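Quick heads-up: the structure tokens below are two forms of one chain, split into structure 1 and structure 2.
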Structure 1
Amino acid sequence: MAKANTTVGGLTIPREYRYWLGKESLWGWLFLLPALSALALISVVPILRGIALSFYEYGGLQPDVFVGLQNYVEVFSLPDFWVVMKNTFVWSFASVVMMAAIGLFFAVLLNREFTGRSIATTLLLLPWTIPFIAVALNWTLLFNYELGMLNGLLRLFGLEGIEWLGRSRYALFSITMAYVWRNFPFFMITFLAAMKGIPSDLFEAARVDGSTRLDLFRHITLPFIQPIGVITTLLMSLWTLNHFTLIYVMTSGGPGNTSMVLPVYIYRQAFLQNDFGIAAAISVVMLLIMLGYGMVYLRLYQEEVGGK
């Protein structure tokens, strides 16, 4: 039987949407109004302001001048921009892959019963609780050429020390190590939570059928943790693409531009070169990348779980 529609002020509204105009729904929206207004003020307005600023030449001191798409043309013609784009994707991809692999490894270990498991879980979660600024300062000291522990270990075995943050071939790799150490517990704890939700009957039945540990992992554990893995990867990928603190404190994008990523590049264009129009144009490009990335991952997630 077809659902009856409702007509309000000449506008026909399908029955399934009538509750949006009900008294309770209107009161709900009224209570949400302060929070939605604050959210718009701190999120939507700056985004719209940034998009508008990308069409102007603005240095902060003189009046802004409308230049149309000139900022975007200039951004895509900057040789540095493409180096920064490559660094950003290398840094994001390598970080997320390593965090997921290390997080999955420790989640599998912690999913087993052994003495001291609670202590091990607490110790492995500790990096996640440390602020990024503290992580950056500690890892900068760790990578120090003269006093750092890593070079101390190399010299202990008769090897020469390495300028981890001062040489172009090691800078981005060194920052990635610090970032992975700080964030792999997020993958670990989400994978571990997903594993705890797997019915034990499945493992017992598979063991009766002669399945090995590798078979159990491939055919039971992995399929169960895959949906949460996709969402965790999406969140961490967006956070990594948008990360600023660790890179700025440890190298500021140097030496040269070898560890420069988009957030630090935008900051440098805006506040060190006083070119807010170019910085806004790069920000809009970055926003589009992140939106596209998020939409692709959500599409993949819908296909995985069969949702809509």
Structure 2
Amino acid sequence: MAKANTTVGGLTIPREYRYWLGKESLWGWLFLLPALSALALISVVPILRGIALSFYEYGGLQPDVFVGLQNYVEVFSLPDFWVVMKNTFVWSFASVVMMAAIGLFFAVLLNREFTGRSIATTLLLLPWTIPFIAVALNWTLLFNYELGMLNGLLRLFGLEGIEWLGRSRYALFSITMAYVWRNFPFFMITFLAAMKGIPSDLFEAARVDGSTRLDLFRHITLPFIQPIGVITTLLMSLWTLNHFTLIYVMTSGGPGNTSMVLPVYIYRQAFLQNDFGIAAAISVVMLLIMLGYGMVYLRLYQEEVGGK
């Protein structure tokens, strides 16, 4: 019977689907059609247009002029560009590491059985539901030199206030703090969700064997939540690389370019300097970085991400 698989038009249809021979593929694509057309219109076409634009000098009302690789040459010789690159990496790396560590810490705390657990979870999730624009306004005030709460606390302990957003040394670090505060709950809930899936008899068996709490964490919890950690870290680092709001609103990249990151820089080149060609060229460089990062990451963690 050959397991009653059926072949239609070169496709092997397993037994459980033989009632709808061939229709499967048709319906499958039909169901995907709206999603794929939206993606084509909003992602694929603009990206192709952007790549094309990076080889042109943008003309505004006049037609664009083809300039070959000139935009790229110009980008790489901009001194700002390398500062911005460095900032982007420092900011993304520091943010993701801190968010993952704090998220994991709170997930472990919340994974215990205790009274008031669901209230504690809700309260810790709260920052994640605050829109970035509200976070930006709120933390701009917290960081305010004269009126901010942070300097208020410092002065309460007899210390000097700090120019959190106004000093080039602290600006990017300050924004990172605000971003980590807003986003650590996302790591927290994904870790928490993963921990819910650990069979409790695993813990009981290990406890009978005399394992300590730390052993349990290292040998059961960590391996169990690793796949989730891998995919969350990938998504979160891509989202962080893309992040715009906090930096644009809190410092616009300043003072100088000390808190400037790629998305804000590209926005400035396009809409303030009105140079869409250069902006497109920087975007393409950013695309290559993100694609490269994503691909290497997927290759390294193939099992965790592409498991099924």
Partner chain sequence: MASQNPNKTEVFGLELSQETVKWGKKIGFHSLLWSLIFVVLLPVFWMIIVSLNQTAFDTFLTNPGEWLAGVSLDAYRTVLYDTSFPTWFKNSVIVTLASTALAIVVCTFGAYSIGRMNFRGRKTVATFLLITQMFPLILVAVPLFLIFRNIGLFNSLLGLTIAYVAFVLPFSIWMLRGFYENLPASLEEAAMIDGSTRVGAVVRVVIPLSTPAIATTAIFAWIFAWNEFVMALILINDTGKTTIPPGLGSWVGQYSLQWDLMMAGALGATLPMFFILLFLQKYIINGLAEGAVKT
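In this text, the rigid core denotes the largest set of C-alpha atoms whose superposition between the two forms falls within 1.5 Å. If you're wondering where the values come from, they're calculated on a predicted model, not measured in any experiment. Numbering runs along the sequence of structure 1, starting at 1.
The form predicted in complex with its partner chain is represented by structure 2; structure 1 is the other form.
On a core-based overlay, Ala35 has a Cα shift of 3.8 Å between the two structures.
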